[in-house]
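Given as structure tokens, the chain that follows is alone and in the form predicted on its own.
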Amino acid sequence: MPALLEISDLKIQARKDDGSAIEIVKGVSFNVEAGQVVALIGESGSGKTTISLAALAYSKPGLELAGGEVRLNGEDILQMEPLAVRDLRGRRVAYLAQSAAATFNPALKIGEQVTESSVLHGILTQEQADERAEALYRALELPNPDRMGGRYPHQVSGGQLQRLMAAMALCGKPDLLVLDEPTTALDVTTQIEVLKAFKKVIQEEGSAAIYVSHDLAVVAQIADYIVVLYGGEIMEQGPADQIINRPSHAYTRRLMATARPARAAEAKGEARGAHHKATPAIRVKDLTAGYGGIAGGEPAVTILRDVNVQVERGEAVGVIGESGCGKSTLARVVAGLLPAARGDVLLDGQALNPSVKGRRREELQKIQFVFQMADTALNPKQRLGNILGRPLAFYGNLRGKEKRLKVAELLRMVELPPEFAYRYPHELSGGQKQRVNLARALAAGPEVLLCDEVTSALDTIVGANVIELLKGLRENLGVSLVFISHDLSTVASFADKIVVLYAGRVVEQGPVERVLSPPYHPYTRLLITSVPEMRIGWLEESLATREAAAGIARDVKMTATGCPFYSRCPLAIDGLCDQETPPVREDTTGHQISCHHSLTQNDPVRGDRYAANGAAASI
């Protein structure tokens, strides 16, 4: 009996300006059986998405399907007529993109979009599609499934929107799902929920799936079979257990080595010492901030409450927490993009004007923001030389040859050739664009870099290269880094200090080695135990833990009284944690935990209840 999907000797190519062909995908062959999840893994540019799109008989603009066969239930879809291909997409094969936010139309209700394809293809009536959609909302464990279809996309969280994208794809009962990096930009606890939901629904629906990812730890939780790609060729393929536990190819072993970076403590003390000042580079003092009109010192919607953080000269501070915890809001307040309602931001000991409009040019120069998405941060109509030259002219008054030389120096600093000054952003890879994004911030000669999720959309190897670049810049230039991330493993690999935010409050902060070792706040423990391990069966084991049962499947809620983590905490004390603000407990190393439990050896935060699990072992 033939496989559900058979890809045989697939070739995809692009054309140069002179008409000659460049092979992008070079004779790839693999099968997908009914009910099976096949993962395509590899770094950016390996051909993962390009190959997966061939399952829809589609190629990106500028590419062409040049050879081979893609057989769905025995029929070569590459030979289909255009009308038959149109009918194939959404009916027999459904595609889940990486960005749910970009997939949904913000002006239409969720229910209309989830059911649209199945109704248009005549698979279901509108009434049947609505019933099917609600059943999928329940299967995907979405809140209030009977009312979910009446909401708009902006009224649900990122993790919920990602699951709704799965409901959209599954509504028409397709034979094959193509999932393209569906959990890459999610925080660790949301990622677990989405993975669990995807796995459950795929099994219950009996669907087959192609799962595109660069993260082996995530792939290990959902895949039955793995295909490892590099440069448009298959390096290795086989059952998930074989690839994860007994890889035979050097490239697969390299991917595994970079999947979860080890803590790199060397040389950081020297870096801080070489550029040390008595006054912190940045100090955030008693900060409260939010959105909407401010009445009586409180914003209409409070996001940050009574936050105290400081960043020493040459220090890397990681700010971690789930989506909605206030990480990016904190960076926006420090940069002056969002004025605080109360509290101060001090630069080298001097209070800054809350708004960027009121800050002097030299103050703007010292704090630079590196945005998450280089695609939207870089002007697509400007050459890189102009993009990097603008801050040089604005802050340094450089012109002509002097500016061109400095642009070349900046490109070399981020390990790009000077000739890139004549390129446009679309001519660069994702990792290269992120380097230019970083170079533009460095062009101002800053003292502090605010890095907002700068590696979340990059593959493992490219992300590791960006981290290495940041380490070098910190050591050579003495730049202080505020590194915002939901990826605890990445932060642990190079930060000096970690600040754990939850519901707009600092629940724990201190030296990285102290924060990642007991005692720690129950929320920090939830984050630590939610980092996927590169072994099959980890997801099921993790979901069975007490922390997961208590905390993973709940939204972040801002509270004015008590501990904000009370409703999710497995160690909550009724009548205390929900009523009184927890005290800040500090040890001699500067490690602070905001919790009603003490830091003693036998306390629940550290003691016997946690000791058996070895929570920090996976970091």
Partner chain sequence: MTDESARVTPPPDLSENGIQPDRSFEELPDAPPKQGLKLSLVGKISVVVVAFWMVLACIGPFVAPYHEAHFIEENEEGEFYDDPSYLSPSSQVWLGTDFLGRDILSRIIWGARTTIGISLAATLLAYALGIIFGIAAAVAGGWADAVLSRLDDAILSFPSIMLGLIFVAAFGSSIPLLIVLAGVVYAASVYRIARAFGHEIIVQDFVEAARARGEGLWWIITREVLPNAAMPLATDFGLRLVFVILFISSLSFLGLGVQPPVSDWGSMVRENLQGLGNGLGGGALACLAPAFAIASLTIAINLIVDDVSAKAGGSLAKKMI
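Numbering follows the first chain given and starts at 1. These figures come from a predicted structure and were not determined experimentally.
What comes next is about the form predicted together with the partner chain, which is not displayed.
J.: Which single stretch, out of 24 to 32, 584 to 592, 64 to 72, 561 to 569, brings residue heavy atoms within 4.5 Å of the partner chain in the model of the complex?
T.: Partner-contacting stretch among the options: 24 to 32.
J.: Of the residues 382, 128, 245, 203, which one places a heavy atom within 4.5 Å of the partner chain in the model of the complex?
T.: Of 382, 128, 245, 203, the residue with a heavy atom within 4.5 Å of the partner chain in the model of the complex is 382.
J.: The partner chain isn't shown here, but in the model of the complex which of 402, 540, 415, 76 has a heavy atom within 4.5 Å of it?
T.: None of the others qualify; the residue that does is 415.
J.: So in the model of the complex, are 332, 371 and 432 all sitting within 4.5 Å of the partner chain, heavy atoms only?
T.: Looking in the model of the complex, the three residues 332, 371 and 432 all sit within 4.5 Å of the partner chain (heavy atoms).
J.: Please run the contact check for residue 474 against the partner chain in the model of the complex: heavy atoms, 4.5 angstroms, yes or no?
T.: Result no; residue 474 lies far from the partner chain in the model of the complex.
J.: Answer for residue 391 alone: is it within 4.5 Å of the partner chain in the model of the complex, judged on heavy atom distances?
T.: Yes, contact at 4.5 Å.
J.: Do residue 253 and the partner chain share at least one heavy atom pair within 4.5 Å in the model of the complex?
T.: Contact check for residue 253: yes, within 4.5 Å of the partner chain in the model of the complex.
J.: Counting only non-hydrogen atoms and a 4.5 angstroms cut-off, does residue 309 reach the partner chain in the model of the complex?
T.: So residue 309 does not count as contacting the partner chain.
J.: In the model of the complex, which residues of 338 to 371 put a heavy atom within 4.5 Å of the partner chain?
T.: Read in sequence order, the residues that approach the partner chain (within 4.5 Å, in the model of the complex) are 356, 364, 371.
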